[in-house]
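A lone chain, given as structure tokens: the form predicted alone.
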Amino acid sequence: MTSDTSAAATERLVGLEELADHVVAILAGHGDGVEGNVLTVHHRHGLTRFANSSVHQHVREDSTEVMLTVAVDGRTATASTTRVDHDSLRALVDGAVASARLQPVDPLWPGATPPEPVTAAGNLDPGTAAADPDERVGVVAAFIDADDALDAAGYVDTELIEAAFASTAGQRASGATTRATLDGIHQTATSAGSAHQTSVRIADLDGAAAGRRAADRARRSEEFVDVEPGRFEVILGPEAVSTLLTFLGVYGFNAKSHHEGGSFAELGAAQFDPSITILEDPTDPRSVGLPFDAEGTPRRRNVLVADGVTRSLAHDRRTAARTGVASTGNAVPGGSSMGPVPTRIVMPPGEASVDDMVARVRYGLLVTQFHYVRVLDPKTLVATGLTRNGTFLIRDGAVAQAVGNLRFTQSFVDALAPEAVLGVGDDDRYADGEFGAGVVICPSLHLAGWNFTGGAQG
């Protein structure tokens, strides 16, 4: 960590804290009956894209945003701006207050966030925060060079997020986090193989290892056979498992959805196989994310499923007040309509290697990744989607050959039900999913059955 980097980060955080306090002071000028929460965020994003085995784009964006929620005698409104001069901030507050006065009373408004200590600062790597295009290109080059006879495409990006929160009720919080991601494919004329890595530190990205994995999948998929749709025993790679966990979080462990009767979750019920545990753990040293949520509530360890039993939900202050529990720190911007969402999901690993799990399959499929997944029934989480970037037939305990992409229609809850999980892999890592990088840490899973209902065309 260089002194220049440390000083720059400190200056930005101090500036964000002052900015949040300034907006609260403007709010206070509107008198009694007006309260609110202010979140200020500085976002630095660096992106290097490559295609046809060549870098073709570098992008860097630095932005600061102020997000405001106000309540006037229980009538609420939200507003945001990227203009941080005094006149623009006063216009932001005045406009939000005027808008709130025109709204009906919000019966679920829990009040401005009260003081609560935020003891963590977030996982921040100075090298990632200061990463330049040359460093990203180094990762790209290693990925491409892993098999320079194939065409490679994808991206490497780095992200710094710094934030400060202030409320009229006295809550104050600040923190920062970094993320680095490599996501790429190697392609033959007829096939593609993918690989993904995400970490708090860009130094953790191993472009050569990811490139070898993607190239191997592409070459093994170059010649494939089609199989008849049906119910298959499957081994799902981390990317595919990440998709399951993301949808379980958004639709099932969301306390707002649960209150409205749209969630599968039954607290205290053994809804999953005993081998399944799902939690959020912001204390994990691998965790990408701020130490507090959009309402300034500290993020906390929250066990959603323990040994197959559904134990908890994700709460923001609205749902927590309605339920009579404490918020779990899962408020997201716009959460009054969306509800609280788990964004740092962890599934702990098991003891089986992928090779061990493959060896136990007489006839089934190894699925690397799902694509274009859409929920058909939110209550049961029946979803449909496609396989992508490497699907392989398993026969007599060995990976036999590649198969063409398949469409599935499957309940994600049923797929993880008691006696449906035959193995949990030891290969847990950050995996890409439907909603992007840095959301889910999970291993591969060996499942008793998965319903494939057609080919890629339907």
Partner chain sequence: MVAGSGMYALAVEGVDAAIAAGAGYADARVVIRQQERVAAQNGEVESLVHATDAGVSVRALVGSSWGFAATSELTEPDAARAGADATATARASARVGGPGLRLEDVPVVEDSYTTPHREAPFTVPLDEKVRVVTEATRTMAAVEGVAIATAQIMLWDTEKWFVSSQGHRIHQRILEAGAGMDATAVDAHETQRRSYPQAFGHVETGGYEVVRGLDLVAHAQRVGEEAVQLLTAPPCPSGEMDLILESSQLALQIHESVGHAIELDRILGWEAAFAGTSFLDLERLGSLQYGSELMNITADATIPGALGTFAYDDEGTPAQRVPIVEEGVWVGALTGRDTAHLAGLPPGGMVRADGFNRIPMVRMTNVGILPGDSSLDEIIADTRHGVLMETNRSWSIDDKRLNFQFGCEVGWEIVDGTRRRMVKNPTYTGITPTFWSSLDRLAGEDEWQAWGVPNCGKGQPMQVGHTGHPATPARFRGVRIGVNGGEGRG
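Positions refer to the first chain, counted from 1. Quick caveat, the model's predicted, so the values are computed rather than measured.
The next section is about a form of this same protein that is not shown, the form predicted together with the partner chain.
- Looking at 358-366, 169-177, 70-78, 234-242, the stretch with residues near the partner chain in the model of the complex, meaning non-hydrogen atoms within 4.5 angstroms, turns out to be 70-78.
- In the model of the complex, at least one heavy atom of Asp377 sits within 4.5 Å of a heavy atom of the partner chain.
- Put simply, Gln401 is far from the partner chain in the model of the complex: not one heavy atom of it is within 4.5 Å.
- The partner chain in the model of the complex comes within 4.5 Å of no heavy atom belonging to Ala28.
- The partner chain is not drawn, but in the model of the complex it has a heavy atom within 4.5 Å of Asp62.
- This chain is displayed alone, yet in the model of the complex one of Ser275, Gln187, Thr128, Asn302 has a heavy atom within 4.5 Å of the partner chain; that residue is Gln187.
- Of the residues given (Gly154, Gly122, Gly207, Gly308), Gly154 alone sits with a heavy atom within 4.5 Å of the partner chain in the model of the complex.
- Residues Glu260, Gly261, Gly262 of 260-281 are found to place at least one heavy atom within 4.5 Å of the partner chain in the model of the complex.
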